[in-house]
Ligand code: 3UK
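Read the single chain below, which is given as structure tokens and is the form predicted alone.
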């Protein structure tokens, strides 16, 4: 097999992937499209910012890689990226990989103290950021005890990567690598505690693109992808970049906040065929559709991840739009979705079946598989698992066991093989000596027509016994009050066991979430 080649045997289920011994993943994701005649095909459309062809993309990736090398960055050094969804994100990410440098996309919603921690923790050689984030990035650079040797804006005034790229060569040979070599990092979203550097290998983006995007979504060169989830975290990185690049499709990027109105405008303008969102957004879109009728007819399938999709929300979405909505679960550590409903096989309330190429099992505290229908810790096996947590051998050893990973989620599996989420393992409540899933109570509350979102946490009563406490976002804040509390309690009694009823109701404007849309229940518990 020639260098930088991956062979896909689609006659097997899952498809069999074979990698050449020398394998730099930038070649099949970027260079291959020129060899296959896509140089003039549009790869990226940026809302309000033009388009980029596969040919232009390849040249600019090479310029970015050369610019980083000329700035003194070397093999294995880290370049932190606080870059909005844009063509520059692609250029820096793939240019770094092709040059043997490790790109580390960071959440652009973070604050200076978070960036300062990551600059120090990663021992970053370079920081590249969009001007929009200067107010948080620049104080972080001042405060961090580690000082990167290169600091650049993407564009605008001052020292920019764009200026260095303008004088760099558009030709760059990929630095030799192996499929298992370090390729890029992501930082975990930190639903419990501080963020952790997650190290991924060259092969991992191929694995997720082939097994999920092709194997589950049936993505092809004719698709147009629009992800409301941003490129800086694992879900958006696949949706908005690696999936379309893998098959030679088109990506639509929207740099701004993904409000319902903005998403509907992008969909009507660019006619995407696949839309990737999170439950919170789908709920908000349905609310917006009460006052308008956006044209969503181009979309053939939608995906949902980040937080369990309530069955009632799924039903209302399909009833309103007629578009399949596939709930699934992925993690930063596994890079993308590993359990998913299928286009022709959806079970409401379930995270779905194991994605081809992955295995799932539910185990007890001793690591033994539990019987069907019983809850336990979810473990996943597959070829896109992280190599390790950076500078955290204890967490690495705790999470990875003989090729399997503990996800930190509590699940059960039904007789059809579908996996059902019961919440984060550390979110589970023990009420009256019985384990209780916050997700089940939340789903019941969201069925009520006045409720937009809900989160359940444990709170001690006067007897210091844990009981469920509800935090609720209403469709209309004016409905809040004791009468609605009584109404919601009766609603819960219609479908939940007595010990699961919320004992307290709090009406709030919003719920704390990670960038992926996961409710940060630990923040509610600390209030």
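Only a predicted model underlies this, so the values are computations on that prediction, with no experimental measurement involved. Positions refer to the first chain, counted from 1.
The discussion below concerns the form predicted together with the named molecule, not included here.
K.L.:
Heavy atoms within 4.5 Å of the named molecule in the predicted bound form: which stretch in 386-394, 176-184, 409-417, 255-263 meets that?
P.N.:
Comparing against the named molecule in the predicted bound form, the contact stretch is 409-417.
K.L.:
Which one of 272, 382, 103, 330 is close to the named molecule in the predicted bound form, taking close to mean a heavy atom within 4.5 Å?
P.N.:
Looking at the other structure, the residue within range turns out to be 330.
K.L.:
Since exactly one of 448, 347, 361, 424 fits, which has a heavy atom within 4.5 Å of the named molecule in the predicted bound form?
P.N.:
Selected residue: 424.
K.L.:
Within 4.5 Å, heavy atoms only: does residue 401 come near the named molecule in the predicted bound form?
P.N.:
Close contact is absent here: in the predicted bound form, residue 401 is far from the named molecule, nothing within 4.5 Å, heavy atoms only.
K.L.:
I'd like to know whether residue 244 contacts the named molecule in the predicted bound form, with contact meaning heavy atoms within 4.5 angstroms.
P.N.:
Because no heavy atom of residue 244 falls inside 4.5 Å of the named molecule in the predicted bound form, the answer is no.
K.L.:
Could you confirm whether residue 444 comes within 4.5 Å of the named molecule in the predicted bound form, counting heavy atoms only?
P.N.:
Close contact is absent here: in the predicted bound form, residue 444 is far from the named molecule, nothing within 4.5 Å, heavy atoms only.
K.L.:
With the partner left out here, check for me: in the predicted bound form, does some heavy atom of residue 235 sit within 4.5 Å of the named molecule?
P.N.:
Flag for residue 235 set to yes.
K.L.:
In the predicted bound form, which residues of 331-370 put a heavy atom within 4.5 Å of the named molecule?
P.N.:
331, 332, 333, 335, 336, 337, 351 sit within 4.5 Å of the partner.
K.L.:
Distance change of 3 Å or more between the C-alpha atoms of residue 415 and residue 499 in the predicted bound form: closer or farther compared with this structure?
P.N.:
So the answer is farther.
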